[in-house]
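Take a look at this one chain, the form predicted on its own, written out in structure tokens.
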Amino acid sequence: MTHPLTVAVLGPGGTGGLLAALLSRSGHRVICLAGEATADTLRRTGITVRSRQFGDFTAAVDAGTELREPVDACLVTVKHTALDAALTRVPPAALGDALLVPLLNGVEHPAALRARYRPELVAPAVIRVESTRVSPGVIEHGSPFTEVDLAGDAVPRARLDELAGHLSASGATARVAGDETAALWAKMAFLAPFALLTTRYGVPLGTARTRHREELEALVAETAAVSRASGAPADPAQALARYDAFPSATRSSMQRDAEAGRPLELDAIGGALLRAAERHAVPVPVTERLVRELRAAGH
């Protein structure tokens, strides 16, 4: 494999902290970008990961409040609700020739990032993982998988292949997706029904898929229709089979945010889905009702 990378991680929370620690452990230089208190803690203690997949380990990282040196890639791993504020830590001039790799939920952020940074360097990715920051620099990774799909239709393929290779060598399962739209909508089509239903009723996936089966099937059908209208393939039966295969205690990150009183990514997930449905004139009555009820509940 080629030389070690220097990678910035904007938002070293559950997802970013895990990837930062894995990359550092496999020999790359990692700079975590966060608030002053978190940056101080990370510089002092590194990142400790507790994981069934990777074992328990601590990895050293650099940390700062703003990107001030050249890097090969910058992973954007904040929640959508914190994106605008977080991006002030990554001035476009400081990013230079680095790939900007947002691992965010939703489908609308790539266009916003390309308006701010060099479009050919924005490489949207999706990650499938259950990982939680329990305190600054302490990550609990619960899922037996960490899967990353890198995309970016205008990004040089060799650069995506190189990053995917390094992520895979660090322990994740990373691949380059051929079609950005398909990759983003594949995640959205799985995430939206799961997040909206578990959050609306405050129940784990096992309860949602049995007690609220009819609504789940309707949400999956609606999301698949919007996905297809947006130019991405969708398979409702496969989505339902995946929900049925997940452990019954699984909760969505949106549900965990609601329970902790944190802002929800409701607009990035539910709102974006409704906007796409409206653009393509796809009726989505169940999605509309759940988003409306979640907003009425103060979310």
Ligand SMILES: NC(=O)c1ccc[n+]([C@@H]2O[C@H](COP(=O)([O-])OP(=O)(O)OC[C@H]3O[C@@H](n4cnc5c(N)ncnc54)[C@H](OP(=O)(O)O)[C@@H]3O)[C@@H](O)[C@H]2O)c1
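The model shown is predicted, which means the values in this text are computed figures rather than measured ones. Start at 1 and count along the sequence shown; that's the residue number.
Keep in mind the form predicted together with the ligand is missing from the figure; the text below concerns it.
- With the partner removed from view, the residue among H212, R228, R114, R133 that has a non-hydrogen atom within 4.5 Å of the ligand in the model of the complex turns out to be R133.
- Of the candidates L10, V284, L22, V291, L10 is the one whose heavy atoms come within 4.5 Å of the ligand in the model of the complex; the others do not.
- Proximity of V61 to the ligand in the model of the complex: non-hydrogen atoms within 4.5 Å are absent; the residue sits far from the partner.
- In the model of the complex, the ligand sits beyond 4.5 Å of every heavy atom of V30.
- Contact annotation: V220 falls outside 4.5 Å of the ligand in the model of the complex, judged by heavy atom distances.
- Put simply, V107 is far from the ligand in the model of the complex: not one heavy atom of it is within 4.5 Å.
- Here the chain stands by itself, but in the model of the complex one stretch of 91-99, 165-173, 123-131, 198-206, 123-131, has heavy atoms within 4.5 Å of the ligand.
- For the marked spot (A177, L240 and R242), a heavy atom within 4.5 Å of the ligand in the model of the complex is absent from each of the three residues.
- Contacts between stretch 254-290 and the ligand, counted in the model of the complex as any heavy atom lying within 4.5 Å, involve E265 alone.
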